[in-house]
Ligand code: NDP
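What follows is one chain in structure tokens, specifically the form predicted on its own.
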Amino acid sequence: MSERPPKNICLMGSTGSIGRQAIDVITGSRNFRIVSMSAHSNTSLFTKQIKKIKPETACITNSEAFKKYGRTTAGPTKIFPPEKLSALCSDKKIDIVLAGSSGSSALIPILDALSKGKTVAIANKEPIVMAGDILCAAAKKHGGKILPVDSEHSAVFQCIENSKAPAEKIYITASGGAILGAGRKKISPEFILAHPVWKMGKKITVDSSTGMNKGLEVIEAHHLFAMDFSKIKVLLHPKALIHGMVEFADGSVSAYLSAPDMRIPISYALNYPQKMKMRNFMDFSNMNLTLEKYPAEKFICFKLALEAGKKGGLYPASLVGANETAVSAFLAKRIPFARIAHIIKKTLSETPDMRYNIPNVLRIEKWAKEYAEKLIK
């Protein structure tokens, strides 16, 4: 029997945490080939990746970075400006789009790919949070498929797939980040960025300690699994070994366990429905699987995220925009940790009432970034 040709991958966000780990998974297998890839502004690393991988096309999504890089070719690879990202994702030769970039810039490319019937493996929370109804509807209408890469959503997805039964309740776990060990009033960026378990990008590490990350994941689960908010629960699990659980009609519960390694859900999304052999085997002889009630009061942004998600419409887009600005200000030491939540709350309270569609989703996110910036100055 002849070998199947490798699947063609478009990798968005190749220089970020997810992108770098995705490259580890993809280049370690003969089943995949990166045909196109994108990065935002880390052109130094991007150049090294291009030389190693030799994709046919690449895109720099930051306009200023692209201008400095030049409209050129890097060996056999042709480099495109930001406005060409959607075309790369929707190219007929692409089998899977892996969305590993952060922020809302991937929203239109993801929508266009789903509208072409592509499979999109999404590690990027913001597009689903901001426009989950629209993206899921596009996938259904055009035969596209959304595969979750977030460890929690991948866990829930696999529990449902393996049980072949509808879920009654979903449980996602939270490690708590560095904030669980914070016994002081002043919390520095350096303290927050020292996550005890996961190795992630700076923004998502801060989001883990404010509770925003878990709130966004609840909104994401609501869309991905068509589940009412009242049936999505969060549990505290600092060891990050249990990533998600699903309760079924008969009262049974399936739990998904793995080492805290993002290469595992990345690998599953790319190989779905098969699993690729990896080396992260767990030792159950001395393992702490304690689950506790999620202390929502300790996580300053968790309830804000839930409130925005339940309101729906354009509020999640406002949430995403305000949070991005506030977190950036905290990392730059322009505001204290506690002020992140105040900025987001004020921005949400002033969110304009507009029709829910893609142009307005992007318009409101931009407005929220600018409004939050005014509150910081």
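Everything quoted here is computed from the prediction, not taken from an experiment. The first residue of the shown sequence is 1; numbering continues from there.
In what follows, reference is made to the form predicted together with the ligand, a form of this protein that is not presented.
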Quick check on Leu147: any heavy atom within 4.5 Å of the ligand in the predicted bound form? no
Just checking whether Ala39 would be counted as a contact of the ligand in the predicted bound form - the rule being heavy atoms within 4.5 angstroms. yes
Is His223 part of the interface with the ligand in the predicted bound form - any heavy atom within 4.5 Å? no
Contact with the ligand in the predicted bound form for Lys118, defined as at least one heavy atom pair within 4.5 Å: yes or no? no
In the predicted bound form, the residue from Gly201, Pro81, Pro238, Pro189 that sits within 4.5 Å of the ligand by heavy atoms: Gly201
Of the residues Ser154, Ser101, Ser209, Ser267, which one places a heavy atom within 4.5 Å of the ligand in the predicted bound form? Ser101
Region of this chain that lies against the ligand in the predicted bound form, out of 269-277, 286-294, 243-251, 102-110 [heavy atom, 4.5 Å]: 102-110
In sequence order, which positions of 119-146 have a non-hydrogen atom within 4.5 Å of the ligand in the predicted bound form? Ala123, Asn124, Lys125, Glu126
